[in-house]
Ligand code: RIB
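In the form predicted alone, a lone chain appears below as structure tokens.
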């Protein structure tokens, strides 16, 4: 049976490939897309999500707009230098012909989970504001979520938005800490593995030289992203962040995980850092107390993950 999922996304360039990857995978039944600020403002991201589904000929999948800012701070818009002013590499997509769903992203998430208790996996690949708001509105709903598989965080590696923090978590640390306290299974596919899943020019060429509407779109939007990441990593290519979360959903045997609870730092220079609770049982004050263990990805078979992505996206 296919796995029912909802992708919570800030549709930038890596989100786009991850959505195509999920849509092209028979193991996955995408119930909807919910949008959030991050790589681009929510309004722009919602248009992008609609256009991505149009390109994929999947306008049967609804899109619902979500949070426009973090829970306790303001949206800074810093994703634009990575993804372009439009979140799609400054390609200036045509306006979407389809319309977003009526109602909010959080309302849609709650309805889908209640209608399919224990069956829906949430796959947030942007800031966690929508998921946190869902849990704040209805704390008991966590028991009906099958799993939260999130792209974000960094357990052992350094950050990419600051020396200590990964971008999705740093965009709303308060929301992330609420999500990591949820009473459901959580898997963190963070920088410890996504930086290792690095597509070089040969990998990218296999995708962009394939002739399909999806890969033609990726060919247009990849250059902006690859240019930035090639400079960031000092080698040509791109880390494959969001698609790694989809790969984990499909085949978690490609990843090695460890199990520890997570607390997110919300203050100071390490704001947004995902701290593992390792060996802290003897502390008088244990911040990780009463939190479930998270499946934290620390190693990955990067070539097999890349091969799986190429196989599904370029097909």
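Just so we're clear, the structure is a prediction, and the values are computed from it rather than from any experiment. Positions refer to the first chain, counted from 1.
Omitted from view is the form predicted in complex with this ligand, to which the following refers.
- Listed residues 191, 105, 122, 179 were compared with this ligand in the model of the complex; 191 is the one with a heavy atom within 4.5 Å.
- Proximity to this ligand in the model of the complex, defined as a heavy atom within 4.5 Å, singles out one entry of 186, 93, 218, 167, which is 167.
- This ligand is not drawn, but in the model of the complex it has no heavy atom within 4.5 Å of residue 172.
- Of the heavy atoms in residue 151, some are within 4.5 Å of this ligand in the model of the complex.
- Interface membership of residue 35, defined by any non-hydrogen atom within 4.5 Å of this ligand in the model of the complex, is ruled out.
- Under a 4.5 angstroms non-hydrogen atom cutoff, this ligand in the model of the complex lacks residue 133 among its neighbouring residues.
- Each of 15, 39 and 160 places at least one heavy atom within 4.5 Å of this ligand in the model of the complex.
- Per the 4.5 Å heavy atom criterion, this ligand in the model of the complex is contacted by stretch 238-246, the sole one of 238-246, 112-120, 135-143, 69-77.
- The single residue of 61-93 lying near this ligand in the model of the complex is 83, the criterion being any heavy atom within 4.5 Å.
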